[in-house]
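Take a look at this single chain, the form predicted on its own, given in structure tokens.
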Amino acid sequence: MCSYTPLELIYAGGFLPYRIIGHSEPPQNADSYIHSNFCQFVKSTIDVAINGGYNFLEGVVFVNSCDAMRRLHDVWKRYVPTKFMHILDIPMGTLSLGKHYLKEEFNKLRIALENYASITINDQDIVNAIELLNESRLLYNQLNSLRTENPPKITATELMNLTSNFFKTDPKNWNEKTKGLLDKINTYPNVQTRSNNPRVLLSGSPLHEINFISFIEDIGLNVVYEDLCTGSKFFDLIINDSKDILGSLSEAYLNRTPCARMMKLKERADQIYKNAKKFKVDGIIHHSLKFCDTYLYDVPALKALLTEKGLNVLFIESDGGLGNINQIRTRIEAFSEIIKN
């Protein structure tokens, strides 16, 4: 449920990492199990889990990313029968201390998987998983680089569909299909050429609803980078070669572009600015889920930092779907006119 979950350890243990996304419809039963002032992601996940929608999973790995996620863990533990459950604690301290702490947390997950499945996850298993997932990240970033061109050769909707498939399929199969797509685009460079619309970077809360991306593009904007843990940012992770496999893994996950939970506001603003320049964006759409206190808390400060850097910023808040579609459309259309000029 969180991008700080080490997929390499899960895959090295012989399991398929599957990302839980809930749904984008109004919650049905979640308010009976959790306070109503929690975000759509948590409440929709409870809806699906309570109704047995995740019974096909062998187990679930939670991350201590926010209070809502901790409460989700509590509800799941009590009301959803699950064979394997584990919760990771992610540090927010300095890299030197945090890396050692996270390494121990990763090792606890490794041991828990070994004990559950009666297996041994050796270092070579983890190295093999790292190589496979590094290939996935490389392929994604090769596709992503096609959006530095103006107009972009691939849309955000297409890339988000690829990302969604990555979260629920075997990386080996995903890599092969993505290679085929790359070959197709490189062989026929004009087939997927898009209109020369204003270019925007989308940042903020986790966003699982692909239709939300399509909605922005239909209005007449090209989304050329998703600073989201469910988008481009998810693949922005580099694992260095080292004899200390878990140490390299923990350092890589802590070195990735931080989310709001890590409280590194200046670093996040600098990374957004860096990607805004790289992808030649005309504006930033910063989106937050309702009741996502982690992201909502620093919206004013983040917006101020980005504005100081000369970026046009629009902040919108939603349930992750298109429930208040007319209001969102009006605001994005107005923002589109501003950045066109």
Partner chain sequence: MLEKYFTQLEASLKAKLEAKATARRKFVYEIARIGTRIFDDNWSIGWTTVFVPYEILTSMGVSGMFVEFFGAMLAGTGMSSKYLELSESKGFSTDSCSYHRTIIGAALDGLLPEPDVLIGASIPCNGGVKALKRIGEIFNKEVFILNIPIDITPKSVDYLTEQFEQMIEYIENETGRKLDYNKLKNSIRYNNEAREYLVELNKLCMNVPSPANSNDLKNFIMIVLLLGTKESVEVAKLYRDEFKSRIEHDLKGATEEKYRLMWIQNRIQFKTDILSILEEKYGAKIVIDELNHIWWDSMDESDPLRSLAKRIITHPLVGPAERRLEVITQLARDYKIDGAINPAHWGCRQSAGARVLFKDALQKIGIPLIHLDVDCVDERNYAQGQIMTRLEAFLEMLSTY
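Keep in mind that this is a model prediction, so the values were computed, not measured. Residue numbers count along the first chain shown, from 1.
Below: the form predicted in complex with its partner chain, not depicted.
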Query raised in the report: From the list K172, K83, K266, K243, which entry has a heavy atom within 4.5 Å of its partner chain in the model of the complex?
Result: K266
Query - Heavy atom of each of D67, K108 and D298 within 4.5 Å of its partner chain in the model of the complex - result: yes
**Report entry** Segment assignment from 306 to 314, 33 to 41, 269 to 277, 53 to 61: heavy atom within 4.5 Å of its partner chain in the model of the complex
**Finding:** 33 to 41
Query raised in the report: Any of the heavy atoms of E149 lying within 4.5 Å of its partner chain in the model of the complex?
Result: no
Query raised in the report: Within a 4.5 Å heavy atom cut-off, is A252 in contact with its partner chain in the model of the complex?
Result: no
Query raised in the report: Should V127 be counted as a contact of its partner chain in the model of the complex, where contact means heavy atoms within 4.5 Å?
Result: no
Query raised in the report: Wondering, does L97 line up within 4.5 Å of its partner chain in the model of the complex on heavy atoms?
Result: yes
Query raised in the report: Mind listing which residues of 69 to 92 have a heavy atom within 4.5 Å of its partner chain in the model of the complex?
Result: R70, R71, H73, D74, V75, K77, R78, Y79, I87, D89, P91, M92
